[in-house]
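For reference, the chain that follows is the form predicted alone, supplied as structure tokens.
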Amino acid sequence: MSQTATEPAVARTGRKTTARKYPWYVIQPVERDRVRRFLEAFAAILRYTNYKPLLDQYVRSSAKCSRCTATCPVYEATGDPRDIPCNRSALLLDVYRRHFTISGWMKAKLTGDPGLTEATIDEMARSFYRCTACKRCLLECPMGIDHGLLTHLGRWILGELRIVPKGLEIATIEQLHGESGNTSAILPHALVDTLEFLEEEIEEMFGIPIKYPVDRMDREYAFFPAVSDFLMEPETLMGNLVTIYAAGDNDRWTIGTGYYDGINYGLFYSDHVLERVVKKVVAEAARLRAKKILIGECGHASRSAKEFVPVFGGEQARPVVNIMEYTWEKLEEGKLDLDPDIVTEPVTYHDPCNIARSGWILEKPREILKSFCRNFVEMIPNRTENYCCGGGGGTVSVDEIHDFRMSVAGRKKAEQMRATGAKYVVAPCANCKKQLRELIEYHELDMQCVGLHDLILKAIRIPGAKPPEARAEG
């Protein structure tokens, strides 16, 4: 198996490297003989994974009917044939057909087809990171071709050549090899300091002390939010705590200091990285002897855990629960009291692709919001058909393509949000929040992007604590 994208190419091979600059982001140093390396990486992945049967099926299907043009927000914004999902997938499928099937090899011998070229690799680098991997195109493909999965596979192969956006690679290096072991480089003592600060804020807000449980053993839940929440989403984390406290479950969960990052960038560009990060989550839950893994408000963190803890967790795998599933359950049990007179402004809900496209989490957040937000409005379309925020597939972390995310990938989402007339757009995902806040500023939308538990923090009633109206006045 070829080496991972997190190891320097020079140290790996001793070969000279070169840097290539593209209009929309900087490629990391790569080997000169990129065609050979690409084919070697592709061959290794085919040998050690189960992608080959899927690719065999896809190359026997018609992958160029272009019905996906009706659903792709990037193509809708540009009209560029290169942005049609099936054309993007064809870049990789043509290489597979030419170099890894008997019929393709024989045809190439007869026609003199040279196969993969440097120019094709350059086009892949451009194209695969213009896709947000939202998988909306899968809704229309009559052959069931998963163009988002092919984008992921193409990125993985490119990643073996270190053709990776710097933002993704640097964060992954810190997560796998850095002192902090997480993508935001937050050390354990800084985590504890942050939690203590949030506890002080909560006590001032509610008038009663409520504590985050840290490193408690044998609890029901081990909690893993996107680690960036500890830096940028205090209201979400405080909402998580008061929700669990109000439900009477503060002795049933814990945050571990061994590992506390739900982010998994491997989902965006490398199955090898994906597996290693999933195993870090599983190992921490096992260390804490927790029965379940509780993921915070993050779409890709939730999907990474939900789909791949059972795959890579082995005997230590535990059930995965999203925090919105937990909150909905407690609301249904009558353990949460939410004041319907606090959030009076129009509220809309954004469906993160990673938890909505498959139909996993659709109605529960809506039922929670409608229980205390009287003026709830839907985006059109919504649920499984909702548009991506425009920063999906890890592209939100690529600062070099900010203009692309604002004016192309996120244009449709901005139009959706504006049409609702809402003052709050609820986005239960760390990446979506970042992207939507930038969209709101860029397109000058009169609204605010918040998490679901941000609004719960405003409206929740806890016996013995200050009521919501008093907290609002304060």
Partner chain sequence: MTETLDFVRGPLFLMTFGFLVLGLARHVFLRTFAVVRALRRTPCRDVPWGRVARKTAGWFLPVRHVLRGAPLMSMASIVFHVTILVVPVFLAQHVFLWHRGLGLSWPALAAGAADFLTLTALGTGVFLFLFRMVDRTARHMSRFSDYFLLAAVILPFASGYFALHPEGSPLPYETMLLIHVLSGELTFLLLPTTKLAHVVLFLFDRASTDIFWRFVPGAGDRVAEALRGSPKGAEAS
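Note that the coordinates shown come from a computational prediction; the quantities given were computed from them, not determined experimentally. Residue numbers count along the first chain shown, from 1.
If you look for the form predicted together with the partner chain, you will not find it shown, but the lines that follow are about it.
Between the options 334, 209, 112, 144, the residue in contact with the partner chain in the model of the complex by a heavy atom within 4.5 angstroms is 144.
When you look in the model of the complex, the only residue of 283, 190, 139, 380 with a non-hydrogen atom within 4.5 Å of the partner chain is 139.
Partner proximity in the model of the complex, defined as non-hydrogen atoms within 4.5 angstroms of the partner chain, places exactly one of 403 to 411, 418 to 426, 433 to 441, 35 to 43 at the interface: 35 to 43. For the three marked residues, 260, 340 and 458, no heavy atom of any sits within 4.5 Å of the partner chain in the model of the complex. With a 4.5 Å cutoff on heavy atoms, residue 169 counts as touching the partner chain in the model of the complex. Although the partner is absent here, residue 59 sits close enough that one of its heavy atoms falls within 4.5 Å of the partner chain in the model of the complex. Looking at residue 214, you'd find every heavy atom of it more than 4.5 angstroms from the partner chain in the model of the complex.
A residue is said to contact a partner when one of its heavy atoms sits within 4.5 Å of a partner heavy atom; residue 316 fails this definition for the partner chain in the model of the complex, lying far away.
Contacts of stretch 67 to 97 with the partner chain in the model of the complex, defined by any heavy atom lying within 4.5 Å, are made by 67, 69, 70, 75, 79, 81, 84, 86, 87, 90, 94, 97, listed in sequence order.
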